[in-house]
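As a starting point, one isolated chain is supplied in structure tokens, in the form predicted alone.
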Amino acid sequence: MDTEKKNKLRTFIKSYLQEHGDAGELKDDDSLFISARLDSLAMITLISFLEQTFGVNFGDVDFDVELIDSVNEIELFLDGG
């Protein structure tokens, strides 16, 4: 994933966190869902963002929350890893 796309992803997640009262630091390896920083509604919002922005079809994915639990995990997932 190139830097511009990763920054777009970071910005989206950071903005969502701030809108929901979490102004804490966001590191690329910070857990988002397992740590409960984000909830199931946020998961749907993030999945929708990833589908629209990066062309991912989650209907074709054997989904596990760990695929999208951090910026680094999302990057790895989007890069096909």
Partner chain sequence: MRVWRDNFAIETHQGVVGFAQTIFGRVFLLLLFSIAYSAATEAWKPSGVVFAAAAFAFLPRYRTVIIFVATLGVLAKDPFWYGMEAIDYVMKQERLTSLSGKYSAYVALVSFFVCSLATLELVRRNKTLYVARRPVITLIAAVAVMSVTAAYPILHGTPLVLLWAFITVFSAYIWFLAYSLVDQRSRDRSPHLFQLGTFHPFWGSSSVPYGKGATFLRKTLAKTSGDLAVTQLKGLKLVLWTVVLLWLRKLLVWVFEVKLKIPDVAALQAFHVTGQGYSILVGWTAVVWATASDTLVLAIAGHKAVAVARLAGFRLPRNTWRPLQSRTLAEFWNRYYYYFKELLVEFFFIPTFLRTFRNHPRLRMFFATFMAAGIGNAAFHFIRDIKFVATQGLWDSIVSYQSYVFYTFVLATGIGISQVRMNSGAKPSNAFHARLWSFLCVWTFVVCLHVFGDETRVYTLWQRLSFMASLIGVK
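Residue numbers count along the first chain shown, from 1. All of these numbers come straight from a predicted model, not from anything done at the bench.
The discussion below concerns the form predicted in complex with its partner chain, not included here.
Remark: residue 53 does not count among the residues lining its partner chain in the predicted bound form, judged by a heavy atom distance of 4.5 Å or less.
Heavy atoms of residue 26 never reach within 4.5 Å of its partner chain in the predicted bound form, leaving it off the interface. Using a 4.5 Å cutoff between non-hydrogen atoms, residue 66 counts as a contact of its partner chain in the predicted bound form. Looking at residue 22, you'd find every heavy atom of it more than 4.5 angstroms from its partner chain in the predicted bound form.
Think of it this way: in the predicted bound form, its partner chain has a heavy atom of just one of 57, 18, 72, 11 within 4.5 Å, and the residue is 57.
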